[in-house]
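Considered here are two forms of the same protein chain, supplied as structure tokens in two stand-alone entries, structure 1 and structure 2.
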Structure 1
Amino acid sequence: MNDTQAYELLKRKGQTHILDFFDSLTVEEQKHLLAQVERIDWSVIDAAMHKDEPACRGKIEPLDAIEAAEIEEKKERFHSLGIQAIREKKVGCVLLAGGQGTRLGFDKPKGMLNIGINRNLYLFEMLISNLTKNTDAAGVTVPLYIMTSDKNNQDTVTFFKEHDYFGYPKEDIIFFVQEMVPCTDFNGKILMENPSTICMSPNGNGGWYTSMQNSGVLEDVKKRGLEWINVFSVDNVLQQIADPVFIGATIDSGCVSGAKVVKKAAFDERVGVLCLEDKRPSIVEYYEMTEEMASSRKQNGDLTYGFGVTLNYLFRVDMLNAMLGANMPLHIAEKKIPYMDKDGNYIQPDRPNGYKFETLVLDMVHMSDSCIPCEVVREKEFAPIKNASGVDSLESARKLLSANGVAL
């Protein structure tokens, strides 16, 4: 794309300010900016204009989970089904590590956070250790695909290399990079980082399978003949990965996906709840629930909508393949986005000043025909590090790790 073509396109889109400093740029910078303009996904920007249209939800009903007690009872059967699938090399894992972790405020990829106290214990290392426990028990390794973004790929790959992949076989760790989308101000105008660079942010964790396809990594999934993928977040230090019991329970249920869930700590806990929407599995966010719905109870006194998702899912690969190319809902978040103002000054806002656009993995659950919620015991398997302090922080995660016998 040349500068005239870029100008014409941006004029049609009402975004010519992107080229305001074009004449003062070096040839290299101009090329860089034009390449960015060419790659913009305009469907995302158009969505900013329709942001006030209310999202319509279907009929919400409860979806029963297999609770921890039932899992305990059937553990042997689930375990042997899961171990068999792992041994038959049908299972792969995807670590979602492309997020920016802005709430934590750590300036490196979140997985590089040192969670140890008397020794170094990195978040990535802990996740590999959790995975290795299960692959050792099965006697085989599983491929681990790691999604990064343009912002953190280099640091992440180097970190793994420097630590010799934390003892995991190098050939089973495969990195891929997710796509980026522009950020806009509240009027839908694309923000600039500097005269030659558009403000971009990772496009959310919902595009992971599409990014695997775009980056060519899906070929590896096909070559290995994987049938199930366990996708999980970077920040839950206690989660089990490639957990044979979870895999076995999902296979046994006949569902095409499974979700690790925890019993809500209180009716108004801020977690997404797995339920049915128009008879399909769906996750309703805490802010979408009326108080009546959130506090409603079953006859036995348990909360009707009592299980929160933990961002650890199992998906059947044929279902993921069928979903490729489908449109996913776009979530628009108000964020603090550092930007360059019209006079060329770099501004670091202290309150939200624009939108970031993301698709979310939880929407893939609604696109599945069926999903089985499997309860895991919160104190044993749920210790996310989201915030700098307080709830779901490094401090709370360390307490839970210690309670589970992890030496820090």
Structure 2
Amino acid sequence: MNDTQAYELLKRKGQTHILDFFDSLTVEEQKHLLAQVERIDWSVIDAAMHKDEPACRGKIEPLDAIEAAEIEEKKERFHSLGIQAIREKKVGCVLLAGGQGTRLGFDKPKGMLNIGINRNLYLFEMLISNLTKNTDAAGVTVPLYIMTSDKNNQDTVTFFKEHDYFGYPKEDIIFFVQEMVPCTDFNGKILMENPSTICMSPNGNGGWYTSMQNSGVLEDVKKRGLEWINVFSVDNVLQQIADPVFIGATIDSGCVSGAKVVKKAAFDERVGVLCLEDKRPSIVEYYEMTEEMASSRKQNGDLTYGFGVTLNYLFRVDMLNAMLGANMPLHIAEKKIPYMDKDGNYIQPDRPNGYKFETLVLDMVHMSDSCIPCEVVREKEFAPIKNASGVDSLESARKLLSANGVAL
């Protein structure tokens, strides 16, 4: 794309301000800006103009999970099926690690956080340890694809190299960078970071599979002949990864996807709940539920909508491939976005001034034909680090790690 083509495109879109400083840029800066313009997904920008349209949800109904007691009863069968799938090299994993530890007061990739007390124990290290426990049991390793972002990719790759990949075979750790999308002001105008750079933000955790495709990493998935991918977030230090029991339970169910869930601690706990929406698996966020729905109970006294998701899913690869190219719902959030004003001044806003756009992995569940929720014991597999203090913090995670015999 040359500057004339870019101008004509931006004129049609009402975004010619992007080129306001074009003539003052170096040749390299001009190339960089034109490349950004060429990659803009205009369907995302159009969404800013329709953000106030009400979201239409279908008919919501409960979805029963395989509860922990039943999993324990069938554990031997599930474990055997899962181990077989791992040994046959049908399973891969994706770690969603594009975020920074900013909310924790840590200005580095969140996975680099030291969760130890008397020794160094990094979040990435703990997750690799959790994975290795299961691959050791199978006697083979599985490929681990790590999704980073533009902001933290170099730090993350360097950190793994410096720590010798925490003992995991480096040929089985593949990094890829998450796709980025432009940010806009409240009128849908694309914000500029500086004269040669559009303000960009990651496209959300739902963009992991398209990011794998666009980065060329899906070729590795195809070459290895993977049939299942276990995708999980960087937050939860206790989660089991490539868990044979979870894999086996999902395979045994005949479903094309599975989700690890925990029994809600209270009816108003702030977690998304796995349910059915128009007879398809779906996730309803806590703020979308009426108080009547949230507090509704079954005859045995359990919550009707009682299982919260932990962002640890298993997807069949053929299902994921069928989703490629499909339009996923866009989630639009008002954020404080540093930007360059029309006079070229850099502005650090003190209140939300624009929109960031994300796709979410929970929508991939709704795009699935079927999903089996598998309950895990909260105290053994759910210790997310999301907040600086209090609930779901480093302090609470350390207590749970100690209770599970992890030396800190």
Ligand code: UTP
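Residue numbering: sequential along structure 1, first residue numbered 1. Note that the structure is predicted; figures quoted are calculated from it, not measured. Rigid core: the largest C-alpha set superposing within 1.5 Å between the two forms.
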> Looking at both forms of the chain, which one is the form predicted in complex with the ligand?
Replying inline: 1
> Taking the rigid core as the frame, does residue 24 move its C-alpha by 2 Å or more between the two structures?
Replying inline: yes
>> Taking 2 Å as the cut-off, check whether the CA of residue 116 shifts that much or more between the two structures after a rigid core fit.
In response: no
> residue 69: CA shift of at least 2 Å between the two structures after core fit?
Replying inline: no
> After superposing on the rigid core, how many Å does the CA of residue 341 move between the two structures?
Replying inline: 4.6
> Hey, core superposed, how many Å does residue 36 shift at the CA between the two structures?
Replying inline: 3.1
